[in-house]
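Quick heads-up: it's one chain on its own, the form predicted on its own, in structure tokens.
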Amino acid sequence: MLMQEIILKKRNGQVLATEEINFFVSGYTSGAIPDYQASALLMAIWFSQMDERETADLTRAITDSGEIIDLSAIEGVKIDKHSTGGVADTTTLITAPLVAACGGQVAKISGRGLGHTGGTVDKLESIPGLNMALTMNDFVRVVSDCGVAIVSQSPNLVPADKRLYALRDVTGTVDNVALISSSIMSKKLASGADAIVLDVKYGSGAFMQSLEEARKLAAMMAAIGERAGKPTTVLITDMNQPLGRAVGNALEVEEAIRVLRGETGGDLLTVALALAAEMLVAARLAEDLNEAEARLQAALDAGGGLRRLQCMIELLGGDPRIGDDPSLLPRAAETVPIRAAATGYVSCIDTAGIGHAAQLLGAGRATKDDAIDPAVGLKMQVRLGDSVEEGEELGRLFINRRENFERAADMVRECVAVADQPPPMSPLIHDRIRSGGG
């Protein structure tokens, strides 16, 4: 079997056989297939797409490229949650500890930033001392001890995805239904959870730009979950503006802490609670969403979510005091306000552009080998529909160096459009899709 023939076959729009997909995944994982050939096939897949069977085969091949975690030693239904990626989306740091506070067992393998989106691993690694590279035995121990563990992929867990994930980031092949589905679902299947809840983002800050594309992705992942015998629920949520106000690793951790402390809320909390409610129902810890929402609100009010987050941080070697004093997180040397050039209503926010501005400051990666500065980023002061006056603060940059500062500032100004009338507002949560068609 020749790799160039597989590339040509997919480039010409043909369907790949199971054996060809297995050959590619195993060969790339072992290093027998070089990056340039893998990049060519990824681009061919991006243009020609994959059908449900091909995508399921790709998911299974990636899953089988490494070890499968056995969570049977943990009592109860093990539940996992994942987002397709957005800007200021820190829901995992809110949902996972809240579900644990309600008796859930949350076992989550997370990734790093991809393109303009932030990664949960990068966010958590901004916490002093925290180590996310656990052995699988330690992963199981942390879940058993405090009901939640969020760790990074080990070299032995879906190694094919780890390599492909980084390559997609730098080859313009991120936003493809088959590649996103197989990447996400391979990690979910390999991590051993019994049920899966997914958040598919759509809009200007998401990889899926349209609601139709988001529904295709949601349906594909639900179908993969059904084929694998894992009950899967997918929410489709809006990403036409940053979900929270903070964009940047330590800044987002601080915002999640303030949500769990009951000091702030907004859209970030709304989506986090909706996902957490689905997780409780999937774990059979609540009869329906109404009961789940009531239990979660009680846990939030009592501080149970924050205590679970602090427990996990401590077991991962981090400083749990950040829950009481977020100033212990890395701090930028300088903050600079970005001001409105006109009076009117915030009519549009280029959310991906906001993410790229934070990336320019050092909060994200341009290449897979780039280092991240955990302290930098930005905070948005305005939301869609807000009225603003000329000279009013739209947001604030948090910087450690002046390199790219002016370009990032200009980008933020250009990303926030001001008009005479407020825009029509779309729903925050658009749809729910369950495996089996529910």
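For every residue, the number given is its place in the sequence shown, counted from 1. By rigid core we mean the largest C-alpha set that fits within 1.5 Å across both forms. Values in this document were obtained by computation on a predicted structure and should not be read as measured data.
From this point on, the text means the form predicted together with another copy of the chain, which you will not see here.
> Any chance residue 281 has a heavy atom within 4.5 Å of another copy of the chain in the predicted bound form?
No, residue 281 is distant from the partner.
> Residue 400: heavy atom within 4.5 Å of another copy of the chain in the predicted bound form?
No, residue 400 sits far enough from another copy of the chain in the predicted bound form that none of its heavy atoms falls within 4.5 Å.
> If we define contact as a non-hydrogen atom of the residue within 4.5 angstroms of the partner, is residue 130 a contact of another copy of the chain in the predicted bound form?
It does not: once another copy of the chain is placed as it appears in the predicted bound form, residue 130 has no heavy atom within 4.5 Å of it.
> Just checking whether residue 273 would be counted as a contact of another copy of the chain in the predicted bound form - the rule being heavy atoms within 4.5 angstroms.
Result no; residue 273 lies far from another copy of the chain in the predicted bound form.
> Only one of 194, 267, 175, 319 has a non-hydrogen atom within 4.5 angstroms of another copy of the chain in the predicted bound form; which is it?
Contact with another copy of the chain in the predicted bound form is made by 175 alone.
> Just one of 390-398, 406-414, 40-48, 56-64 has heavy atoms within 4.5 Å of another copy of the chain in the predicted bound form; which?
Result for this chain: 40-48.
> Using a 4.5 Å cut-off on heavy atoms, what residues in 2-17 are near another copy of the chain in the predicted bound form?
Heavy-atom contacts within 4.5 Å come from 4, 7, 8, 11, 12.
> By the 2 angstroms cut-off, has the C-alpha of residue 173 moved between the shown form and the other one once the rigid core is superposed?
For residue 173, whose C-alpha is compared between the shown form and the other one after core superposition, the shift is 2 Å or more.
> Quick check: residue 14 between the shown form and the other one - does its CA shift reach 2 Å or more after fitting the rigid core?
Yes, residue 14 moves 2 Å or more.
> Superposing on the rigid core, I want to see if residue 163 changes position between the shown form and the other one - specifically a Cα shift of 2 Å or more.
Yes, the C-alpha moves 2 Å or more.
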